[in-house]
Every structure is written in C-alpha cells, then in structure tokens.
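Let's start with one chain on its own, the form predicted alone, as structure tokens.
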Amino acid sequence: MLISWNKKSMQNKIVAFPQMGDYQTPISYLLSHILNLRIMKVPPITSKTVELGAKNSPDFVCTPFKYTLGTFIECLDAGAEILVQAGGGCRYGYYGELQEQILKDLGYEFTYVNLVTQGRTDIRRIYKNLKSIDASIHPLKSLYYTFITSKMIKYMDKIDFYIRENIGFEVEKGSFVALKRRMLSKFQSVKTYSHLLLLYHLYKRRFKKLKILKDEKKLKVGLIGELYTLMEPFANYHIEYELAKYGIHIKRYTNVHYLLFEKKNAVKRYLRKTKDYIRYRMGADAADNIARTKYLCLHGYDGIIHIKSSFCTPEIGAMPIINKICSEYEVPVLYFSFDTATSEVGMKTRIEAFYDMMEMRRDSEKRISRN
C-alpha cells in the first residue's frame, strides 16, 4: 500500500534505522540523498538500549533482536515517525514483523518499512518500499546514490581490513581510530562518485603513512562467527581493540560488502572446499565460518575466536565442526557467546588466558623445531 503525504508534511517526517558499527554512515548518506524526509542521527547503543530491548523481547530471542528493538524504542521516544529495518538472513528475516507488533503493542504510532522479508530482498522491492513513504523518489537519482553508497561500503571495508591487521602495532595510540573518524566524516559530505574515489585513495595513503612497529613474530588470530555480533563493537565489547592491545594481527572476513555482493557465490565455493565436513548450507554464516576455520588453520594462524549471540542456532550447529577442524590441525579456538548479561571483565580475562596459551604453544613449537 502506498502512503502519500503532501511535500510539506513529508519534509517534517523523521526516519530512523538501527545501527551496526560504522555502517550508519553510508545508510544515513543514502537515505538523506534519496528521501525528502528528515534522517535521525541514531543514538549510540548503550546499556540503556540493551535493557529496553531485553525487557520487551521474548526470552529466547537472539541478542541482535534485543539490540535493534531497544534502538527503535529510543528512536521513537526521540521523535522518529518512520522506522526502516534492513536486517536480513537467518531467522532475522522474520523479525521485522515481530518487532513491529511489539512496538505497536507498547502503544507507539509509526510507519514501519521492512526492506527484507524472510531473509530475502532485491533492489526493485527496496525501491518500492521506500517509495511507499516518499512518492517523490526519483528512480535515476536513487540508482546513482545507491551506487555511490555501495562503493562507500566497499571502501570502508577495505580500510577496516587494513586497520585490523595493523592497529595492534601503531606507534601513536589511537591514531588509526582518529583517522578513521575523520575519513567517515568526509565520506558523509561527498557529492559524486569521483569525489568519493578521490577521498578513498587519499585516506588509503594516509593510513599507510601512520607509523607502525610490526613484530615479525606477531601472533595471528582469525575472527569468525555470527554477523551482527562480529560487526557491532558494542555487542562484542570492542573485542578487536582488546586484541590489538596484545599486538595481534587480526583477520575478519565478514563485512557488509561481503554479505551484499559476495556471499551468494562464495558459499557455493566454501561448500566444495569443506565437503569432508558439510554437504549442505546450515543457514546464516555457519558454512562460511566452517570454511574459514579450515583456511585459517591451513595458513598458519595461531588461534581462532568464534563469536556469536546467544541462541544463534546455525552457529551452535557449526561449533562442533569448527572444533573438529581445529583439533585436526591443532589450532586453539576460543568461543564467545554474547548476551545482555555477558561480563566484559570475564571476556577480557579469557582473552588474556587465550593469548598466553598461544604464546606458550608457539614457544613449544620453536623448541621442538630446534631439537
């Protein structure tokens, strides 16, 4: 059903969406350029957000549901009138309808736009849904800014890939985070694709100019797991920065560009490479993580950390297989299951112990090789 308002009333409507990591930058950029509406600056996730989400969610629903529901409640309380849900995959594809019903049962009045249904979406349906809240959307303009946004996401993910591998060795603490913050601020103001491309190459050079002291004997750790908990720092207590404190080379493959543009074909390839362990897709990111476990084991990684939200069924199914692969290759693996009651202190203690174990394992291998 199309919803029509006059231009004046449309401009006063406030749109909000749940955030995940730094991806609020490209999402906000896209919506602000194609919709004739006001885009809310979504408040950062805090303990209050989590408390609101947990209080109003079913007991055994996964953590991402609670985080995004809490964010929606805070946005509605701050004046949002239109909520956009873009989460998809796994059971999350069905969560939009449930979140909408919970919010309406709480007495909120709003328009809900779910860009993903049953874990599936396509450009035409996204355009149709957005046009339902703003009939003035121009198709060519929307296509152009969607293209810019997709490239912005790609460039952000490329920069993040470099940061993870090097942030643990920065000479000036905080230099990578500060430069990334400036880059994202500049990305928000781009007018054309050529402007975006220019900024990307500019900041790519600036990141490579940041001074690092990289130890050749550095430990290498791969991060795998459920997508939301991997990509939302608040959900995993900023585990990447915690690992960086130990001077660890970090590898994480899951990002939005992969999920949108690479995953469909990649999973078929992963299934061929892991046919000794699985023959069919297990849902969500399970097949990806099993294949990446084998890759990391084969390429000399000192340890693997598997991250998921509580009650994430596909990852629970993948964990025994991941454990089997790590046992075969004698690579240590650490599992984290995050929920609203997970202790940050406990997480840091386990990381410290895992680091010590990897160090001792490497020292033991050196002694064996010398003998």
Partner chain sequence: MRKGYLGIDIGSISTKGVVLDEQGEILTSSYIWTEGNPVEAVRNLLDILKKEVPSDVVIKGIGTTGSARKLIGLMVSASTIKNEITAHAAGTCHFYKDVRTILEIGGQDSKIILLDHGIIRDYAMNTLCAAGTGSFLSSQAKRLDLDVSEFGTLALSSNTPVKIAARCTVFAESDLVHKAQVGYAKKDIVAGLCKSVVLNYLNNVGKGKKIEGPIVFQGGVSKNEGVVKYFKEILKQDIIVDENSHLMGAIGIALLSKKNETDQVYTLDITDITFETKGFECKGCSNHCEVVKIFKDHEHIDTFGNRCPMGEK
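A quick note: this is a predicted structure, and the numbers were derived from the prediction, not measured. Numbering follows the first chain given and starts at 1.
Missing here is the form predicted together with its partner chain; even so, the following discussion is about that form.
(request) Using heavy atoms and a 4.5 Å cut-off, decide whether Ile14, Gly283 and Gly317 all contact its partner chain in the predicted bound form. (result) No.
(request) Considering only heavy atoms, tell me if Phe354 and its partner chain come within 4.5 Å of each other in the predicted bound form. (result) Although its partner chain is absent here, Phe354 would touch it in the predicted bound form, with heavy atoms inside 4.5 Å.
(message) Taking its partner chain as it sits in the predicted bound form, is Glu328 in contact with it (heavy atom to heavy atom, 4.5 Å or less)?
(response) Flag for Glu328 set to no.
(request) Look up in the predicted bound form whether Phe110 has a non-hydrogen atom within 4.5 angstroms of its partner chain, and give yes or no. (result) No - in the predicted bound form, heavy atoms of Phe110 and its partner chain never come within 4.5 Å of each other.
(request) Report whether the minimum heavy atom distance between Pro58 and its partner chain in the predicted bound form is within 4.5 Å. (result) So Pro58 does not count as contacting its partner chain.
(request) Go through Phe161, Phe234, Tyr144, Tyr127 and name the one with a heavy atom inside 4.5 Å of its partner chain in the predicted bound form. (result) Partner contact (heavy atom, 4.5 Å) among the options: Phe234.
(message) Please identify the residue among His238, Lys263, Lys214, Lys220 with any heavy atom within 4.5 Å of its partner chain in the predicted bound form.
(response) So the residue touching its partner chain in the predicted bound form, by this definition, is His238.
(request) Quick one: name the residues from 20-52 with any non-hydrogen atom within 4.5 angstroms of its partner chain in the predicted bound form. (result) The stretch 20-52, when checked against its partner chain in the predicted bound form, contributes Pro44, Ile45, Thr46, Ser47 at the 4.5 Å heavy-atom cut-off.
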